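Okay, so here's just one chain, in structure tokens, the form predicted alone.
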Amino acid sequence: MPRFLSISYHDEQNRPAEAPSAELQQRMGELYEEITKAGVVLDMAELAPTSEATKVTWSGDKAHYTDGPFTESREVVGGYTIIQAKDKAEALEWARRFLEVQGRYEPTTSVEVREIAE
């Protein structure tokens, strides 16, 4: 069964300052419980902000390190989920359902779904 990586993108400069409402947190919890019971989630996590990140590039036969935040990028990877689904359509359906909930909190969130090459 193929695995898929869902990468969620956020507008880091315009993230909501307040936590999600209790109702929205409940809906998020219900969705995570459902996807876990369905047995498709292999791993998922939210990432720390880019202000805590370091970018490593290679040039002139040596590594160069740049600490975040990276002002040239407004939209950043905010989290990921690895799922095992029967096909891309199922993986896209889980991404749609995630956005249906997350989009109420952070309307600019988008998700890229890519099959992991085996």
Partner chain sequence: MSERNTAETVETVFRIESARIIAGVTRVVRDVGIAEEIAQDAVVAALEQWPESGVPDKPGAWLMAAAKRRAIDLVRRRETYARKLAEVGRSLAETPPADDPADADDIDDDVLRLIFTTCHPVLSTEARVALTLRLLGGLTTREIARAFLAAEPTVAQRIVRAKRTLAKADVAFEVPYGAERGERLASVLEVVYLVFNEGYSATAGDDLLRPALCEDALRLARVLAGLMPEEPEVHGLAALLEFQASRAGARTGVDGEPVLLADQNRTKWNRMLINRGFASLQRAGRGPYSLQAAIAACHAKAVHYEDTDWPMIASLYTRLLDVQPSPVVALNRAVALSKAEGPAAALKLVDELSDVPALRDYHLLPSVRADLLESLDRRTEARAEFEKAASLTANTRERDLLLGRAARAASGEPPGPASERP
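All values derive from a computational prediction rather than experimental measurement. Positions refer to the first chain, counted from 1.
The discussion below concerns the form predicted in complex with the partner chain, not included here.
Which residue, L47, L42, L31, A53, is the contact with the partner chain in the predicted bound form, using a 4.5 Å heavy atom cutoff?
By the 4.5 Å heavy-atom cutoff, the listed residue in contact is L42.
When the contact criterion is heavy atoms within 4.5 Å, does Q84 count as touching the partner chain in the predicted bound form?
Heavy-atom contact with the partner chain at 4.5 Å: present for Q84.
Taking heavy atoms and a 4.5 Å cut-off, does M1 contact the partner chain in the predicted bound form?
Yes, M1 sits close enough to the partner chain in the predicted bound form that at least one of its heavy atoms falls within 4.5 Å.
I'd like to check something about K62: if you look in the predicted bound form, is any of its heavy atoms closer than or equal to 4.5 Å to a heavy atom of the partner chain?
It does not: once the partner chain is placed as it appears in the predicted bound form, K62 has no heavy atom within 4.5 Å of it.
Is it the case that R15, even though its partner is missing from this view, gets within 4.5 Å of the partner chain in the predicted bound form, heavy atoms only?
So R15 does not count as contacting the partner chain.
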